[in-house]
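Only one chain is given next, in C-alpha cells, and it is the form predicted alone.
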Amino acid sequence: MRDVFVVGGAHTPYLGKFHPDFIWKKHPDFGTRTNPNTEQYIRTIVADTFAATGATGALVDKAFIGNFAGELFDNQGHLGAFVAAADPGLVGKPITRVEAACASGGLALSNGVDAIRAGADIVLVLGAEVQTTRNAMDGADYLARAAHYSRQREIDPFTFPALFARRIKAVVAHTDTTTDDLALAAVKAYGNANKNPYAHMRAYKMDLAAAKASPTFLQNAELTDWLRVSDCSQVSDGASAVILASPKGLEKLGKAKSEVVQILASVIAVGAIDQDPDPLVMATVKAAAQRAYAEAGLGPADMQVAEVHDCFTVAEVLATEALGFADAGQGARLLRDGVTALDGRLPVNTGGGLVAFGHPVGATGVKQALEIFRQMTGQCGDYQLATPPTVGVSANMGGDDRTAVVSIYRAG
C-alpha cells in the first residue's frame, strides 16, 4: 500500500461554557458579537491549515469533513459545499461529508488515508461541530440520536451520560476500579488542558477534592449516583484539520519525511446498534485496535503516546484496556500509578482529552490525529512531552462503542 503521511494541520480554540472567550449572557461582549457558526469554523480551519502546511486548495485532490449534527445544532447540512466555499482552489474538487456520531472525525481521517492509498497525493481532512446553540436538554436529545433512539432515549433525559453511568456502575461492581479512580482521570485531563491554549477548559482548575465533590445530575434513580459532572466531556464548538500526503504529495509540498508523521494503519470497526454492549468492555474499539496493530506490525507495548475517546472518564479506563495497555478490569491502575500522566511511561490525552480539551463531536477524531503529530514534532508547548514520542495510537469512538476508528502513527 502507498505510504500516508500527516503533514500538519490546525485547531481552532475549542469554545463553550467556562471558556473566557465564549460569548454568553454574562460575557462583557454579549450583544455586540456572537460565537462562530459552522460556516465560520470551516472557513477558519481551512485557511489556518493551509497556512500551517503550505498546502493550497489547488493542490488538494480530495477532502473529507466529519460532522455529526449540523442540521440540528446549526440548521445547516451540505457541509462539503462549505469546504469548497472556504478556498477558491477547492471549487470543483471531490469533497465528502461523513458521519459516525462522535467518531465522525476519525471516519473522515480513515477515508482520507484510503484516498491516499487509492491514488490521491494530497487530501484535506477536517472536522467541525457547533453544539452550544441549544439548551442542555435539547442538546441531549440531539446527541441521543447517536444511540438507538427508539429503544434507549427514555433511559434518562441525558441519554448518553446515563449509558455511561451504567458502565461505571458495572465497572465498580465487577473490578477494583472506584469512582475515586475516575476522579483521577478528570484531574489529569484538566491539568493537561490548563497547559493547552486551544483547550475549552484551559482556564478552569480541577483538583481531586473538587472532582470527588462534583454534583450528579441524572434523573434515573438507578444511575444518578454513578456519574458526576466532572466525569463528562465538554459541550464544545470548534474545528480541527490535517493535511495528508503520499510520498509524491510530500514532494509537491516541499516536505521531507523527517518533518512529517506516517499513518501506518487507520481501521474502522462498527457494532450493531440494536444490541447493548458488554458494559465492562469496549469490544468495537478492541476489534479495531487488534486489526490496526496487525496492519502496522506493532503492538501495545510499542506505543509511546495515546489519544483515547474519553467522552466520560470511564471511557478512558475502558479504552486503555481495549488498546491492550492493561488487562481487563485493570485500566484504572494506570491512573493510580501515574503511567498515563505527562511524565508517565505512556501519556494519554496529553492536551486534556474530551473531558477538558473539549468535544466538538465531528472534530474530535481529527484533533486526536493532529495531537499525535504535534507531540511527535515537538509543537505542544507547555504540555510537550520531555522526549517526543516516535510511535503512537488514537482511538475515536462513536456512540456507546458502536463505531471505532483506531489509527497507528510513526514519526517520519
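Please read these numbers as outputs of a predicted model, since none were measured by experiment. Residue numbers run from 1 along the displayed sequence.
We do not show the form predicted together with a further copy of the same chain, though everything after this point is about it.
Candidate spot H174, T216 and L223, all three touching a further copy of the same chain in the predicted bound form (heavy atom, 4.5 Å): Zero of three within 4.5 Å in the predicted bound form.
Contact residue in the predicted bound form, chosen from A210, A328, A81, A170 - any heavy atom within 4.5 Å of a further copy of the same chain: Among A210, A328, A81, A170, a heavy atom within 4.5 Å of a further copy of the same chain in the predicted bound form occurs only for A81.
Partner-proximal stretch of 379-387, 50-58, 37-45, 339-347 relative to a further copy of the same chain in the predicted bound form, 4.5 angstroms, heavy atom: That would be 37-45.
Non-hydrogen atom contact F68 with a further copy of the same chain in the predicted bound form at 4.5 angstroms: Contact with a further copy of the same chain, yes.
Heavy atom of H19 within 4.5 Å of a further copy of the same chain in the predicted bound form: Output for H19 is no: heavy atoms all beyond 4.5 Å of a further copy of the same chain.
Contact flag, N111 vs a further copy of the same chain in the predicted bound form, heavy atom cut 4.5 Å: Yes - in the predicted bound form, heavy atoms of N111 and a further copy of the same chain come within 4.5 Å of each other.
H148 within 4.5 Å of a further copy of the same chain in the predicted bound form, heavy atoms: Taking the distances in the predicted bound form, the answer for H148 is yes, it comes within 4.5 Å of a further copy of the same chain.
a further copy of the same chain in the predicted bound form - contacting residues of 251-284, heavy atom within 4.5 Å: The stretch 251-284, when checked against a further copy of the same chain in the predicted bound form, contributes I268, A269, V270, G271, A272, I273, D274 at the 4.5 Å heavy-atom cut-off.
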